[in-house]
Ligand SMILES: NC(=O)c1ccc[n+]([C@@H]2O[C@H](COP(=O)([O-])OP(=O)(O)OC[C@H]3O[C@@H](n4cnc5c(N)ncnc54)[C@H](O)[C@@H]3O)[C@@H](O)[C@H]2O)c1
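Read the single chain below, which is given as structure tokens and is the form predicted on its own.
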Amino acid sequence: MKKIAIIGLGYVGLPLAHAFSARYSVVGFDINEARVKELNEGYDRTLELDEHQMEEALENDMKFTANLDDIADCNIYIVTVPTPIDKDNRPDLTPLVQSSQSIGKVLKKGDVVIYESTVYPGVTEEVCVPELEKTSGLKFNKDFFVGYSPERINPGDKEHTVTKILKVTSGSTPEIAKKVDTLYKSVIVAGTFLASSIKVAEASKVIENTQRDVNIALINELALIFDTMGIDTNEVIDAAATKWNFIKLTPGLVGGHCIGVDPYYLTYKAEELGYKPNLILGARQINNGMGKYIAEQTIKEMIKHDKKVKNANILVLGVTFKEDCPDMRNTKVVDIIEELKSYECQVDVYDPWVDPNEPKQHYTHGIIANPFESEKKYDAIILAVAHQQFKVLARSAYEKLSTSEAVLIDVKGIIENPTWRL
């Protein structure tokens, strides 16, 4: 009988645990005891699962724990921990290594460990497996086995949920690969794709987001060029998109835990092997510079409209990395805020999706109460994230928040006739 432990209960692990709990005995493990307590009480602060789904999971006898002993009787371990980068944009495999060490303490003969965390090709077998062997004292592909099935979670997306996205699978032996594929196929209604090796599966994940990053960088660079020419980029894109094979993307900020991070895993490995990935690194440089550019254009528009800059009051609407989602990991809206502060502007931030009590490890300035219910006026307003709450408001709602003539900076195409839009 299969008993599954999901290691890491964030945006990836929790929906996956919920999906498996419909058919299998599942234990969710996380080192964050506060997170575990909330989940056992039926509350998911990431909002990936609603109250009904949490009730379903608990009714299916799914357990959440921070105690390693509670997963000791499992025979399948699925690792869904973060794989971030450090301040030098180098892969930080610490969560992955520590998770492997923890699993190694309870690993038994015949067990299978499946990794879902995004990595560069080779990490599963060259980094994780040695930790499992060292801690457990067991032999790889003799006593225990591993698989890799890259996560495909889109935070905030209630249409493309985990079971509705085709899943890539792989295993450390042909037999285990088939078992891993069968396991996922039993809950993923969209189906699976069995890769020829773990390295192929690892590489497939990292290039998914690298491709998107490069494509968005092209559009962002075009936006910089057309802005200099005085041409509306979005109008150009609409015209070009009339050709059937044009890929329609829009300029914007590239943050989050995937597109803004994963390419660095590939470039790190490439450079380690002596290859300089100029295109990928160039795309990263362009996308990382967009926050500063938006802030600079805000200052220019304020000057054009005879607005003071030093001590100016500026409102930034939205701070999460994407719309209709509370996820602030690697949000590039912070780059706009920090650049404005370098001009000695006073910046207020409002985001209806962010819990005011959220730990501020991603954003340290705090979130103000709803400005639309306040009398405070602003010299400039930046619509940074396309939350539905902002999209439904008329232009007049933003004008009422403005001092004299409104300076409305639209990053996401939210309103008609903004002062400036990306």
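Every value quoted in this text rests on a predicted model; they were computed, and no experiment measured them. Counting begins at 1, following the sequence as shown.
Beyond what is shown, the protein has a form predicted together with the named molecule; the following relates to that form.
Undergrad: Any of the heavy atoms of Leu58 lying within 4.5 Å of the named molecule in the predicted bound form?
TA: Looking in the predicted bound form, residue contacts with the named molecule do not include Leu58, since no heavy atom lies within 4.5 Å.
Undergrad: Please tell me whether any heavy atom belonging to Asp70 falls inside 4.5 Å of a heavy atom of the named molecule, as the geometry stands in the predicted bound form.
TA: No, Asp70 sits far enough from the named molecule in the predicted bound form that none of its heavy atoms falls within 4.5 Å.
Undergrad: Can you work out whether Lys269 and the named molecule are in contact in the predicted bound form, taking contact to mean some heavy atom pair no more than 4.5 Å apart?
TA: Lys269 lies outside the contact set for the named molecule.
Undergrad: Closest heavy atom of Arg284 to the named molecule in the predicted bound form, within 4.5 Å or not?
TA: No, no contact at 4.5 Å.
Undergrad: Counting any heavy atom within 4.5 Å as contact, can you tell me which stretch out of 296 to 304, 341 to 349, 126 to 134, 80 to 88 lines the named molecule in the predicted bound form?
TA: Flagged stretch: 80 to 88.
Undergrad: Leu9, Lys205 and Arg329: each with a heavy atom within 4.5 Å of the named molecule in the predicted bound form?
TA: Checking in the predicted bound form: Leu9, Lys205 and Arg329 are all within 4.5 Å of the named molecule.
Undergrad: From the list Thr210, Asn220, Thr118, Ser172, which entry has a heavy atom within 4.5 Å of the named molecule in the predicted bound form?
TA: Only one listed residue qualifies here, and that residue is Thr118.
Undergrad: Which residue, Lys179, Lys199, Lys292, Arg152, is the contact with the named molecule in the predicted bound form, using a 4.5 Å heavy atom cutoff?
TA: Comparing distances to the named molecule in the predicted bound form, the residue within 4.5 Å is Arg152.
Undergrad: For the heavy atom contacts within 4.5 Å of the named molecule in the predicted bound form, list the residues of 216 to 237 involved, in sequence order.
TA: Heavy-atom contacts to the named molecule in the predicted bound form: nothing from 216 to 237.
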